[in-house]
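Okay, so here's just one chain, in structure tokens, the form predicted alone.
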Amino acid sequence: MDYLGWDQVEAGAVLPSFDEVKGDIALLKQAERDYAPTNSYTASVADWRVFKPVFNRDLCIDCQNCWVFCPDTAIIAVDKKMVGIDYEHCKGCGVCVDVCPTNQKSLLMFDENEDNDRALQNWPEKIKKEK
């Protein structure tokens, strides 16, 4: 398939997300869907990320706010439980961190080159409210 550049696609053109839709696609997990070559799911779009979110499972309450608000569907959830971040599609916008309601947050932004295990070891303490 020959790909067009963004400035070569006609205004109003439709790029299909799936080659063939069988049943209710919404019920399938992302990895199980039959994506078309024109779908961005098949390509890494995170090359320009400077900061990345790191997920701390011990603090997560599985509220799904990050999953709902992520503009790139880069939050991986299984059976309504957050299990991680798809770093191939996360652009590092930080929306997931902004909408995390817990105090101490279960998602925080770290430098792109920070090792995730090291980030978890350096997780900041809970912020105490002043009376």
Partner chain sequence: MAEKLKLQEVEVWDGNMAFAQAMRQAQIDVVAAYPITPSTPTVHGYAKFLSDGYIDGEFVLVESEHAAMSGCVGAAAAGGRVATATSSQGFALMVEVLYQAAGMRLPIVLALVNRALASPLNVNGDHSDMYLGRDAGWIMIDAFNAQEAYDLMLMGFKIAEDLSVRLPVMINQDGFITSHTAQNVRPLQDEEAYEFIGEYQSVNPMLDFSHPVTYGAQTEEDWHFEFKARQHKALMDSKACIQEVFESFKTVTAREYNIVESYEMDDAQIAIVALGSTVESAVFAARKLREEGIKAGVVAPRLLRPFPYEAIKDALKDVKAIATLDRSSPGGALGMLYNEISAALYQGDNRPIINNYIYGLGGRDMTQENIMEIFRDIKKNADAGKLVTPLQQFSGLRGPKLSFF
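Just so you know, these numbers come straight off a predicted model, no measurement behind them. Numbering follows the first chain given and starts at 1. In this text, rigid core is short for the largest set of C-alphas that superpose within 1.5 Å between two forms.
Quick note: we don't show the form predicted in complex with the partner chain, though the next part is all about it.
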Give a yes or no on whether every one of 61, 67 and 79 sits within 4.5 angstroms of the partner chain in the predicted bound form by heavy atom. no
Against the partner chain in the predicted bound form, would residue 10 count as a contact residue? Criterion: heavy atoms within 4.5 Å. yes
Give a yes or no for residue 21: in the predicted bound form, does one of its heavy atoms lie within 4.5 Å of a heavy atom belonging to the partner chain? yes
Taking heavy atoms only, is residue 5 within 4.5 angstroms of the partner chain in the predicted bound form? yes
Indicate whether the partner chain has at least one heavy atom within 4.5 Å of a heavy atom of residue 17 in the predicted bound form. yes
Those residues of 40-67 with a non-hydrogen atom no more than 4.5 Å from the partner chain in the predicted bound form are none
Displaced residue check between this form and the one not shown: residue 125, CA, 2 Å or over, core reference: no
CA of residue 10, rigid core aligned, shift of 2 Å or more between this form and the one not shown: yes
Relative Cα spacing, residue 25 and residue 10, in the predicted bound form - shift of 3 Å or more: closer
